[in-house]
Structure formats: structure tokens, C-alpha cells
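Only one chain is shown below, in C-alpha cells, and it's the form predicted on its own.
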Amino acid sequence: MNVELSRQISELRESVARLHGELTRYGLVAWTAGNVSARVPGHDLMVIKPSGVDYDDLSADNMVLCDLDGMPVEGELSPSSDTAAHAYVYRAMPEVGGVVHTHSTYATAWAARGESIPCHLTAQADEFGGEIPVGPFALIGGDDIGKGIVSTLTGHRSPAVLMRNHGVFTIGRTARAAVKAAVMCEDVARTAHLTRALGQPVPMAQADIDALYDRYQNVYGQRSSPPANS
């Protein structure tokens, strides 16, 4: 393994370990459930959480390096039980740099109902561009979950899918982006649930959803400064 690749992997180990702390910070996981992974750019490799290890014990050193068939390449521990699903997503969606899985309470309740989350909020339009869709039921351990994620999210604006009777999977250009999508998915799911409890939500026009999504994706936040001569 060359020096540059070793550096990349080391940085991703640190980043992935740290991002698991965001899952606990935002209350998206319980016990050892949930996982974050990151693609190693330019290589058929990914870094993922080890299976069944307490969040307090996660560190860069015990993150597991796998190939994109889900087979461990480096690390003493077994990778997450969702490794095959993550690996399938990376093989099928080369634009994806990070995958996250949680059983966050409200979003998983929608998944248990097999119901997508309709878009009634500007925040949801911003982040997800419309509804948060439901994916098919699939057993843990093989490619089936990954296939369901890919088939549901291909061509969809949403970076999140509610896998039926299971939980949330999110994708992103980076692992951090996928974590953000998981945080926002739970926030939207909670508000949508409370809205339903109060009565019938007010629908949003598709044109407004489109405009909000375009603005958030292309204008919101800090942008790189233009060159001095521009």
C-alpha cells in the first residue's frame, strides 16, 4: 500500500470514527445499532464500523477497511452486519462517498408503517426535494438491502430511504453529508408525525418544492470566493 493511499485511509478512519459520535449526539441510535461508512476515493475500498462494538469504544484504530465486495482487507474486528448493503451501494452508485444506517425512532416508525414521508415542510423540500421514499423489505446480511436502497434512490432527489420494517439508510457525496441526511430525516419524520397528530397537513405546491430545493442545493450556505480577477 503506497504512502498516499495509507494517508487517505488513515484520515477516513478518523473521520468515520468521529462521525459515529454524531449519531449518538443526535439520538439516532441505541446500544450498538447503526453504522457509518466512507468510500476511499479512487479505490475499490471503504471504511466501516466494526460489528457489535459499543459507541464509547469506537476509534480510528478499530474501524474496518473492506473492499467493495464487503470483504475485510485490514483490521482485526469483523465489519458491520450491514457491510454488504453499503458495498452494493458503492458499486452501483459511483457518485456516493458515504452511507449511513440508523434505527432513529420517528423515521423508523414511518418505515414500520411502510409509508413514505410526504413533503409538507420547507426544510424537507430543501434537503430531500420532496417525499422521503419507502424501500422494500429485505433481510440483513446480503445484497438485498443494498439493491433496495439503489432501486429506490436512483433518479430520486432524496438522499434518504425508509427501508420497510427496518430503518433509515442515507447516502451522500461524503460520509458527513450522509450523516447530515440521517439527522434531517429524523427531524422531518418527528415533525411530520406531530403534524399528523394535530390534523391534516397543508400541502405544498410542487413548484414551490422545486424552487426551495434548487435554492438550498445551489445558493444556501457559504460558497468559495471567486478568483480575484473575476
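We number the residues from 1 along the sequence you see. Note that this is a predicted model, so its numbers are computed, not measured.
In what follows, reference is made to the form predicted in complex with a further copy of the same chain, a form of this protein that is not presented.
Selected contact from Leu65, Met204, Val40, Ala60, since only one has a non-hydrogen atom within 4.5 angstroms of a further copy of the same chain in the model of the complex: If I apply the 4.5 Å criterion carefully, the residue I get is Met204.
Partner contact for Val73 in the model of the complex: a further copy of the same chain, 4.5 angstroms, heavy atom: Val73 lies outside the contact set for a further copy of the same chain.
Distance check, Asn218 to a further copy of the same chain in the model of the complex, heavy atom within 4.5 Å: So Asn218 does not count as contacting a further copy of the same chain.
is_contact(Met184, a further copy of the same chain) in the model of the complex, heavy atom dist at most 4.5 Å: Yes, Met184 sits close enough to a further copy of the same chain in the model of the complex that at least one of its heavy atoms falls within 4.5 Å.
Contact test in the model of the complex: Pro50 vs a further copy of the same chain, heavy atoms, 4.5 Å: It does: once a further copy of the same chain is placed as it appears in the model of the complex, Pro50 has a heavy atom within 4.5 Å of it.
Non-hydrogen atom within 4.5 angstroms of a further copy of the same chain in the model of the complex for each of Asp54, Thr105 and Gly114: Yes, the whole trio is in contact, each within 4.5 Å by some heavy atom.
Residues of 137-151 having any heavy atom within 4.5 Å of a further copy of the same chain in the model of the complex, listed in sequence order: Contacts from 137-151: Phe137, Leu139, Ile140, Gly141.
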